[in-house]
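Let's start with one chain on its own, the form predicted alone, as structure tokens.
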């Protein structure tokens, strides 16, 4: 059965790989890409999305520019992770095409309401666009079949602070709105990326052996990420948070361990962006979020390699 996806992204290195995986999936139609500021400024994120889709042969997919800063805070980018251009500063990216005239928030609302229950939403960046759409339509996420979010770090091991993951830290107020809204939501946190989505020497060699433009693309755009991981997070390679979240969206059976639990976001400065999971008896309810704790690492990576093998 053909599935229809909408992807909200702050397009940088790993977002681009996630888009590549979505385009390569034979049973998926990518209906739209909405873009938010986060990893890079909005103009760069839009350009990166347009370039990536064109590179993958999906230049027809509409790209909608969204909000250029968090709901109430100043913009903080992750150029130290992804490079100034968001794509490894390798000179690969060029301007290709133009974004659609419809604003991303308008597109998210329209796409949900014109086909309730038929589309799935995948979020790869700060949740600013989605939160703004929810402020207009509180039932928005109930009209998407489900929402898979690369957001937060439920085990409280962070990548931007000691306890917070970048997407939630960048706009915690937006994340709070989304996590408290009704609708089927699946949270794939940085814990999954840190523990089960690292591209170490063996995976790097596997990509090199494919010798395809897509495999080279994945390696080139993640050059700066690899340097950051060696310098800051200490991983044996570079991790791919957005691609593993996309893998869960594409193949839900990849999840081998998860739980439904209320999730809240710390908004105070000391613990800004930290996720708070409430395991007290009776604390749950219709607003519970499915928190992913483990995925089939070998299977999701095979999905990535298959997408990269395509010429």
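Since the model is a prediction, treat every value here as computed from it, not as a measurement. Residue numbers count along the first chain shown, from 1.
Note that the form predicted in complex with a small molecule isn't included here; everything after this is about it.
K.L.:
Exactly one residue in 77, 159, 191, 147 has a non-hydrogen atom within 4.5 Å of the small molecule in the predicted bound form; which is it?
P.N.:
It is 159 that has a heavy atom within 4.5 Å of the partner.
K.L.:
The small molecule isn't shown here, but in the predicted bound form which of 124, 175, 121, 221 has a heavy atom within 4.5 Å of it?
P.N.:
Looking at 124, 175, 121, 221 one by one, just 124 meets the 4.5 Å heavy-atom criterion.
K.L.:
Among the candidate stretches 92-100, 135-143, 208-216, 164-172, which one is within 4.5 Å of the small molecule in the predicted bound form when only heavy atoms are counted?
P.N.:
Looking at the other structure, the answer is 164-172.
K.L.:
Hey, in the predicted bound form, does residue 52 get a heavy atom within 4.5 angstroms of the small molecule?
P.N.:
Taking the distances in the predicted bound form, the answer for residue 52 is no, it never comes within 4.5 Å of the small molecule.
K.L.:
Taking 4.5 angstroms as the cut-off for heavy atoms, does residue 48 touch the small molecule in the predicted bound form?
P.N.:
Contact check for residue 48: no, nothing within 4.5 Å of the small molecule in the predicted bound form.
K.L.:
So in the predicted bound form, does residue 34 come within 4.5 Å of the small molecule, heavy atom to heavy atom?
P.N.:
Contact with the small molecule, no.
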